[in-house]
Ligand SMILES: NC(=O)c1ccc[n+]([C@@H]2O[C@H](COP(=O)([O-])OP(=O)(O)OC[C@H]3O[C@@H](n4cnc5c(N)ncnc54)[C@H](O)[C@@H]3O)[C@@H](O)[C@H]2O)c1
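Shown below, as structure tokens, is a lone chain in the form predicted on its own; questions about how it binds or moves come after it.
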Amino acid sequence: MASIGVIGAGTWGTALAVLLNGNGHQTEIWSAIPEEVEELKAAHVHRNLPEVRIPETVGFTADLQEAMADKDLLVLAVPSVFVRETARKMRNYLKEGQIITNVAKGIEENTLMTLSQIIEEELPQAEVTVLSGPSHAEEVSKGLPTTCVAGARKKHVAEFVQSIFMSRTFRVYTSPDILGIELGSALKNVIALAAGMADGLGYGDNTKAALITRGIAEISRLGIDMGGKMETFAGLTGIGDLIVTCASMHSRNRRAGILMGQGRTMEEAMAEVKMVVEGVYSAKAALALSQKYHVSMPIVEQVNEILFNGMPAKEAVSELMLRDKRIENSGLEWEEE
């Protein structure tokens, strides 16, 4: 049995705490909001996961030092926009070589850093790992079969994280490609906004399939230029995560996109979803990265136009459909004429 601190009391952190507790680990959830801690202690139900009872053996605390003390693993589960701030708060309590598994998804807008890069900068004494894949909190918390990938630089560290999370309903693979995992998991949220917008406009399965396949092409082009591996983008944290985020109503990015496709502004959509819409925060960073690495990402460009420049979603679709003619895959060769 391991002792685990889950730093963040959102739906994903809570779902993973339920999973880890079910695996026999001693698990404690930290929240920066004392009122939230008291509510969870009293009800043992998360307000956004009302059908899931949190076991009595899961602890709750608003004391960060307590949440981190003597833990074999720390799961960092705060929204991406709070990762740097939270990591900075953790600095004084972290022991040398302590393993942190980041489960948030995003890219920092002003630095274009991945979340693991942020954590390593703020907590150089930590062993930073990631856990990602097609995994909605609503389904994981109910024990529905799910697969994810544990990423780490060292094989034995990835295998340790794998062993902690693995269960009869939660299958975990390992990978050394942390960068590819994080780029796939962050950029797919931007494509999911576009997929939701298409749904909100009343478009069909053909449109969704086009966005998913051309979306993974954009993600792969950028990711490979940045040092990620094609195998990662073709796997669970690439195309797998993209499919589930574009297709499911559990996806807050898709839900926000649907509202924008129906005419809501970005601010109105985010307010209605009532949870952090990571794709909105990653969209500018994705566009900046595409420009930095000179990679064509037309879907990302149009999503930015809709979010921040007031372009109607229907007009953005026309822009995509009327682009210059292209070959689908420039790596394929023609017969000699």
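Everything numeric here is computed off the predicted structure, so don't read it as measured data. One-based numbering along the sequence shown.
Heads up, the form predicted together with this ligand isn't pictured, but that's what we're talking about next.
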Query raised in the report: Out of the stretches listed (55-63, 280-288, 294-302, 26-34), which one is close to this ligand in the predicted bound form, meaning heavy atoms within 4.5 Å?
Result: 26-34
Query raised in the report: Taking 4.5 angstroms as the cut-off for heavy atoms, does residue 138 touch this ligand in the predicted bound form?
Result: yes
Query raised in the report: Just to confirm, residue 85 within 4.5 Å of this ligand in the predicted bound form by heavy atoms?
Result: yes
Query raised in the report: Could you tell me if residue 9 has a non-hydrogen atom within 4.5 Å of this ligand in the predicted bound form?
Result: yes
Requested in this report: Look up in the predicted bound form whether residue 114 has a non-hydrogen atom within 4.5 angstroms of this ligand, and give yes or no.
Outcome: no
Requested in this report: Please state whether all three residues 5, 71 and 100 have a non-hydrogen atom within 4.5 angstroms of this ligand in the predicted bound form.
Outcome: no
Query raised in the report: Of 178, 246, 128, 104, which residue is found within 4.5 angstroms of this ligand in the predicted bound form when only non-hydrogen atoms are counted?
Result: 104
Report task. Consider the chain as shown here, without its partner, and state which of 77, 118, 150, 183 has a heavy atom within 4.5 Å of this ligand in the predicted bound form. Result -> 77
Query raised in the report: Across 245-262, which residues bring a heavy atom to within 4.5 Å of this ligand in the predicted bound form?
Result: 252
